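Laid out below as structure tokens are two forms of one and the same protein chain, each shown alone and named structure 1 and structure 2.
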Structure 1
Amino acid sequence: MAGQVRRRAAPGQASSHRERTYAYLTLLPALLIVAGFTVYPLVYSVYLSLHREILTDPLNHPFTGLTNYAQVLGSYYLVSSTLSTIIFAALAVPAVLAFGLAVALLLNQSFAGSAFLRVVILLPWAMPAVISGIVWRWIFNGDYGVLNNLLSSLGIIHQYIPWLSTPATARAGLVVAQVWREGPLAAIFLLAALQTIPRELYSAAKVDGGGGWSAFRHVTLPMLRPTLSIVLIYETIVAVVTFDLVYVMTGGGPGDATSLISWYAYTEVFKFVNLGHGAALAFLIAAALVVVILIYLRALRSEELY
């Protein structure tokens, strides 16, 4: 009965047609823009990946089937860049999440410091990744960097360390820059989720005798779970497609220590102008990402059952 009243109250059948026309008209601009820059590029990219397309050899591009995919899969750089990417993601993603969660919990406390941090925390997120890379490159500079200066005046190191010219520290440096740049967004998202947790749940936990840690374990974490999952998946994608930071911080070096997979794709396209390889590689990366996300989703769901 109530449903019928609602339906009468809403615009009737007559205006429904006009409403639908309105709906299509309002969707059209957004759809046209997105479709124009999705469908054709996709088709063209698939075409590229199935042909020999090297700009230095412009008149020779026969159909080669899956050769590009096979060549990319069999290349030394795929192995080394995949490894670098896995190391980078395995360090950066947990670090970003831990930083985000810790900062979100801090921001959720009511004291003067949290008001200050809530503004400050937005700054690294608000600036271009290229800039964060440059900022950190300057800090890690082996000859004039402020980090070496601080550490040696504190007596922690006795000799300046060429941070970005040594494989292990270059990787670590990239992770630090990534946490600096991505951590704040994770913190803001988790803070937003924290604020939606009803206070009563904490009072209930207290009545049950659960203090700080137990409340965190049994109330906060489960309630944050959906947001944590979103942030985890998002940050994994971001880590895998990281490109700007590498471009300005290390240029993939030293050697190929920080040649992440996106950097490899970039060099295939823009340095070796092998468009076929670049397109094939991009699809392989996308496929790998989908697999990773599916594994995540499955793992997260099965835990929820428990």
Structure 2
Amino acid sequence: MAGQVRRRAAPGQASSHRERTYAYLTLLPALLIVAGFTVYPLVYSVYLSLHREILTDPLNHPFTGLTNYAQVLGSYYLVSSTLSTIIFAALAVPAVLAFGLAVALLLNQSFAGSAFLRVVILLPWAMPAVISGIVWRWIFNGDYGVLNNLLSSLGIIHQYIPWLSTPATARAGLVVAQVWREGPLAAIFLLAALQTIPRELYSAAKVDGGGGWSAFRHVTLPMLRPTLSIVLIYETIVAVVTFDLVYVMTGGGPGDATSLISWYAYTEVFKFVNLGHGAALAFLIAAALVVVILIYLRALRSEELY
């Protein structure tokens, strides 16, 4: 009897096996494509970081272990670019959050044209970063820039200012361009979160005698905390790896004022053609970002809200 049961079950088992095999074969092309564009470059980058890989000496690439990491960590340019990146991120990320929150609060109100503005606000973010950099380079140009022309017309300045030729103003210009480009995305995220807040909470706050600021502090901000955490993490990553704006607007200058760590990685690979240093630096940047994200997640736990 047991043998008959096993014989009867065998066709079903064979069919199930064929279905699983067919499913795996169907997924195989997609898995190969993903592996080709993600796994292989990652593995090859690890290989490069552990070998001497300089394009001007293509026949000499011995295994060097962690030498590339040690040389990058001991470089003056790493210290300088890290400092520039910290300054840029410390200025740009809070500015993006503040801009996004202000715009989200504005667009959350009902007024004529609000629906149109919710679409238009995304245009700076949708614009390629290189185009954004060119636009702001023209605006801040020291000879014929729009900003100088406007300030001169208003009588605020009497001679044109070379905005991108001094460290402080070059950093400020880069931050402005970053806020203009990234702020709209933060605004849309926060606007979506604002629209999920129950109106009853504001009614209850009003009944308790809370004004507009009290409702914002005790209702809006706590309910926005999870979204703010996501935007904060995302914008920090974007700020650290910003390259397009630097390349187009300042070229890392003046001096090394805007030589962010992404610019340092670019120069190692494409100017000094040292692929080993570039790969090691990329992994160090990734490790630093992971640490920063973990600190954010530790400090901005949203579970307490609920």
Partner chain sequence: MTGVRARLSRQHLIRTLGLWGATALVGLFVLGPILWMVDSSLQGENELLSRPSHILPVNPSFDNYNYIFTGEIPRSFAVRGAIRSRISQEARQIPQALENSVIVALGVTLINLLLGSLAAYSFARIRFRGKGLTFNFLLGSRLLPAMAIAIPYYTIINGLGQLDTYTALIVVYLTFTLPFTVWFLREYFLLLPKETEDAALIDGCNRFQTLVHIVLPLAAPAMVAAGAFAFMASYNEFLFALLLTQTINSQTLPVIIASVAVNPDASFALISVSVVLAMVPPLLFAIGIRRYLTRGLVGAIGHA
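This one's a predicted model, so the numbers in the text were calculated from it and none came from an experiment. Numbering for residues begins at 1 and runs along the sequence of structure 1. So that the term is clear: the rigid core is the largest set of C-alpha atoms that superpose within 1.5 Å between two forms.
So which is the form predicted together with the partner chain here, 1 or 2?
Comparing the pair, one sees that structure 1 is the form predicted together with the partner chain and the remaining one is not.
C-alpha of residue 116: shift of 2 angstroms or more between structure 1 and structure 2, rigid core aligned?
Yes, the C-alpha moves 2 Å or more.
Please state whether residue 25 has a C-alpha shift of 2 Å or more between structure 1 and structure 2, with the rigid core used for the fit.
Yes; residue 25 is a residue whose C-alpha shifts (by 2 Å or more) between structure 1 and structure 2 when the cores are overlaid.
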